[in-house]
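The data below hold one chain only, encoded as structure tokens and taken in the form predicted alone.
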């Protein structure tokens, strides 16, 4: 998911979200008034099975599902087959985009160094094979390289001060055949060169510990020869796909002519299995499609998994932009599930583009209060597939746990980090909320007087550029 980490501070005033007309908070005649809540929620939640969600995550997260690659195509086929196994007719919506395809092979070896090296690529790094003497080039700033001849050599550069792209370009200008950038803090480098450039040379990233170990060897007088190999990276036209399964209203005579969209993105970033980001949202969407398939409803429900979210919400933007004007008027809600299963993330929060409540947050706060005794807090946040819907004037919200897990966008985003309890909780909240709106004779939520539980989302973005 293209998103910042979040920190949530709950407002001190407790309040309630909106609920359907059948649900009443008054305590009088409790048996008569509580029963409808249990009846319509139970039709959905009793059938939700976290094992199904978990198993689909396990399949999808066997390998990274980068947009425009064979792995993403295989994920699309699997999702289509799952929808069809539930009885849906499925539409595959292809779309083209100009973008970067990350490498399938990233290798680094250094003759004369016995330590282990685990190189990572930068977004927009180029393919190529480069070998040469390893030379330390400081921070890679122009003034540092003025009197250096890097012709045919591999430049070892420390992260900091200037962008990754400038480091690579400065070294290339001095003749470097390749570049190794090591971190200036603990952890992996998850970086980008910002855009395509014909002047780039093959570049990889390594950790601070790895870089300092190489630098120590060089400072001791050892001669090291480095080899960088990158294959499969390219910039150009690619194709990705959205997968759409539609549940029509059960009774045409009671058709509200409205549409609810429940969705998630099925692609991941390079090098990350994407178990939580976002096989968890995709698998939860699949399970909700299974559970709701044969439940009587008077509103159309579309279950959509989007491609190329990680490249800039490309699939969801294409989907919304290609809705007819009539369809845009018909779509009344978008439930966007992104990163909903990590055991190491925080609590569930609802994020809207403008930070204000809408139909989706009202429904979800109501269902979470019915199920868990307290409404899920909401706040402001973008950078996921609810954004194109919100920009089109469609009520939309992101369901995500906050703060994000430490494994976000890393190879550690794997199935062993997934919590079945969190999957069950999110699926029940969303399933009950969707059914509350789509069931027969539902007139939608009525706001309850009083303030709502508000989450102030402090957004800060990962430093991917420098």
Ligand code: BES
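Bear in mind that the values here come from a model prediction, so they are computed numbers and not experimental data. Numbering follows the first chain given and starts at 1.
Only in words, not in the display: the form predicted together with the named molecule, which the text now covers.
Site status for the named molecule placed as in the predicted bound form, C-alpha superposition, 2.4 Å backbone or C-beta test: After C-alpha superposition the pocket is blocked.
Listed residue that, although the named molecule is not shown, lies within 4.5 Å of it in the predicted bound form (heavy atoms), from 339, 286, 176, 262: If I apply the 4.5 Å criterion carefully, the residue I get is 339.
The unique member of 69, 424, 404, 52 whose heavy atoms fall within 4.5 Å of the named molecule in the predicted bound form: The residue in contact is 404.
4.5 angstroms heavy atom contact with the named molecule in the predicted bound form for residue 408: Although the named molecule is absent here, residue 408 would touch it in the predicted bound form, with heavy atoms inside 4.5 Å.
Exercise: residue 400 in contact with the named molecule in the predicted bound form, heavy atom 4.5 Å: Answer yes; at least one heavy atom of residue 400 falls within 4.5 Å of the named molecule in the predicted bound form.
The named molecule contact in the predicted bound form: residue 298, any heavy atom under 4.5 Å: Answer no; every heavy atom of residue 298 is more than 4.5 Å from the named molecule in the predicted bound form.
Contact test in the predicted bound form: residue 312 vs the named molecule, heavy atoms, 4.5 Å: Yes - in the predicted bound form, heavy atoms of residue 312 and the named molecule come within 4.5 Å of each other.
Residue stretch of 304-312, 165-173, 146-154, 109-117 approaching the named molecule in the predicted bound form, non-hydrogen atom distance within 4.5 Å: Careful reading of the contacts points to 304-312.
Residues of 205-240 having any heavy atom within 4.5 Å of the named molecule in the predicted bound form, listed in sequence order: The stretch 205-240, when checked against the named molecule in the predicted bound form, contributes no residue at the 4.5 Å heavy-atom cut-off.
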